[in-house]
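A single chain, nothing else alongside it, follows as structure tokens in the form predicted on its own.
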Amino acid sequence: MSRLIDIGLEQLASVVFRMGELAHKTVSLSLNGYIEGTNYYEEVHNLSDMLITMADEAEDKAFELIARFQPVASDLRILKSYMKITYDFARYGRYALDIAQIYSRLGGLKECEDWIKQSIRHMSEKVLSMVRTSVDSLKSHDTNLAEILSETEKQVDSMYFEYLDRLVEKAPATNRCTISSVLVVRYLERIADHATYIGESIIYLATGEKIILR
């Protein structure tokens, strides 16, 4: 027999899933703008604001379900996981906005050396794949997909530090490019971290097991 709280949990899940898709769209748009040389700041700003609004909506819904239905332990696990995941999705949007703002103020990769362009593109592809995986694993409660995020995050960390080391060694031609690219790779590294946080929440949601993927 379906419980009244189940309807509310389905509604909450719908909000979280939509947030995931919107977060992926936001990160993708921001990175494409930075890499290809298009100013999407206003569009990314609006999407980031939408993610924050939806996170607040999800949090309000979760507290409403707790107040109205006195959920059992398994329900509380779902609610806790969804609340953590919505925060991470909102952080995706915030970092995407930071990247779009960097392009708006400092420009993208046009003046950068070829090795910098290649490094940013490669790291961006890795991070965007992590965002996609975090959304897909949430929808399916696929713990195997969630665990894959850990290995990719380690690769992103490695790329981040290798980039910084090479940047120090090669001293690129323009300070503008240096500042812009360093900030962007940092935000990419943070997005990757939040993807693993989502993976941890999905595993807890699906199994009740608390693990650290980082």
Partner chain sequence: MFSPYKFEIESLNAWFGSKHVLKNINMKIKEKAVTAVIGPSGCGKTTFIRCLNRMHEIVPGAKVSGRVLFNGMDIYNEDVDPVQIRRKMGMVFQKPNPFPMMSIYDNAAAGLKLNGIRDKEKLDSVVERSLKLAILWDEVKDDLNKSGASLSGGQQQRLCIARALAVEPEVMLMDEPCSALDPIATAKIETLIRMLAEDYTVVIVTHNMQQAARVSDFTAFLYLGELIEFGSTKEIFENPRSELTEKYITGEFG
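Every value quoted in this text rests on a predicted model; they were computed, and no experiment measured them. Numbering follows the first chain given and starts at 1.
Another form exists, predicted in complex with its partner chain; not displayed. Remarks below refer to it.
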property: Partner proximity in the model of the complex: Tyr197 to its partner chain, non-hydrogen atom cutoff 4.5 Å; result: no
property: In the model of the complex, Arg214 touching its partner chain (heavy atom, 4.5 Å); result: no
property: 4.5 Å heavy atom contact, Ser74 to its partner chain in the model of the complex; result: yes
property: Its partner chain contact at Asn39 in the model of the complex, heavy atom, 4.5 Å; result: no
property: Candidate stretches 184-192, 64-72, 44-52, 144-152, one within 4.5 Å of its partner chain in the model of the complex by heavy atom; result: 64-72
